[in-house]
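In the block that follows, a single chain appears as structure tokens, in the form predicted alone.
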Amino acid sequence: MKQILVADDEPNLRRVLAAQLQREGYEVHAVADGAEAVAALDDHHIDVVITDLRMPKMDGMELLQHVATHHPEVPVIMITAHGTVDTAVEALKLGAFDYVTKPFDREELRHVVDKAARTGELRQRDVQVEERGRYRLIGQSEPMVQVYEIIERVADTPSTVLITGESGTGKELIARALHEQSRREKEPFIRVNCAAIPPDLLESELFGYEKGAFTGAVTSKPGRFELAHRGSLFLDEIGEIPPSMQVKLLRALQEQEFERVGGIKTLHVDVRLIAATNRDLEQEIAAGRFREDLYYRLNVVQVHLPPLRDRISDIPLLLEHFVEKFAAKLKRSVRGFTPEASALLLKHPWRGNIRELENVVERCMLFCDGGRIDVPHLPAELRKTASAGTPTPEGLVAPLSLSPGSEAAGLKEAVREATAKLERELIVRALDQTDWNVTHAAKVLKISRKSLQTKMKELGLREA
């Protein structure tokens, strides 16, 4: 059952909201101010926060900032009176999910909360790596270096960017990096997960609506394009947009103009669009589910995020980061993984990519009472798949004899050795498979020919 936190200093409104949400099947925690809301967030697994703008002790904007910092996966819905709608719109630009106005329409509230709950589910499955308000990309592998080079070249341009990659690879991190490294950095970064919005509500979500445009439209509301004016609009899972909406989106991108639902006034915006998908859009075009002209408009610059199995040399860095993150979050003294556990992690196929790796680290830290996570602490399914055999050779890591105080250095050295052995084995296999044709082997390994030549030189291999 989804848990909703309602923060409002009006007792009657709290009771009405709680009763309505409970009828919709939610578990509700109702508090009188922002300070109580912060405590409730620590005590319960909250899925959605609904907060009034004006409250004693800590107002809605302060609560929004707290949630954005400490619980970034939790959507925040603002409650506002008609006279403070401008403040609510500003809250949206600062990261609030949506707002409703007093007196709110029951059906509108139901739609907003349902949409927020589904978006929260998707956010919890995303990789949220944040440091001091800025999102940090982790990895030094060749595929990630290529990604960094593209970001550096195109971030401070108005060009549309299409981010592709499997689920769990961290596509939103790339979108935020593009925004934060551009001159639009101080302007809004507005995110829309197209998979979380019902098709019949997508137009009003993107373009807004006028009062009376449909049942429940008790006031006018700006859409995400308006909110992103002078900033960046990130359309995640853009492959989920229905064909009926694709032509309207195409016009908005080409002309930078649109009309609200139920409106007649044409609105003009300055928006840098970033889109992401885990679908093969060319296949979607062939199947008639995606417009070819929209695809070419989106695909001005493409950034492809490689799956984790193609950048295994980044796993040690990711492990180090997630251990540090969850040690602080879970208040654990775990310092890392033993060499034996690290070897199994390098052998795992990671079909869920970084998202799966993050979940595994959190789970291991919950069940580890010592200083280091060992093989028995790993999930049973991971131990099983790793021992069943993968492209990784056996015996990657030799037993270590670690003296006191040298554990961290020993672990890092063991992981480096394991990674080097694994790279050598995979490169030799690819070369054998292609009769030592470096060009063909590079394609098999999905790296550039130059990168393969560099690796061969480092590993003492020569072209035949």
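In this text, all values refer to a predicted model and were calculated from it rather than measured experimentally. Numbering starts at 1 and runs along the sequence shown.
Not pictured, yet referred to below: the form predicted together with a small molecule.
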Inset, instruction - Have a look at 151 to 159, 314 to 322, 86 to 94, 241 to 249 and name the one stretch with heavy atoms inside 4.5 Å of the small molecule in the predicted bound form. - result: 314 to 322
Inset, instruction - Quick one: from 332, 110, 355, 383, grab the residue that has a heavy atom within 4.5 Å of the small molecule in the predicted bound form. - result: 355
Legend entry - Answer option from 117, 138, 327, 261, heavy atom within 4.5 Å of the small molecule in the predicted bound form: 138
Inset, instruction - Consider residue 171 of the chain shown here, and say whether it contacts the small molecule in the predicted bound form, taking contact as heavy atoms within 4.5 Å. - result: yes
Legend entry - Contact of residue 166 with the small molecule in the predicted bound form (heavy atom, 4.5 Å): yes
Inset, instruction - Would you please decide whether residue 368 lies within 4.5 angstroms of the small molecule in the predicted bound form, comparing each non-hydrogen atom pair? - result: no
Inset, instruction - Look up in the predicted bound form whether residue 278 has a non-hydrogen atom within 4.5 angstroms of the small molecule, and give yes or no. - result: yes
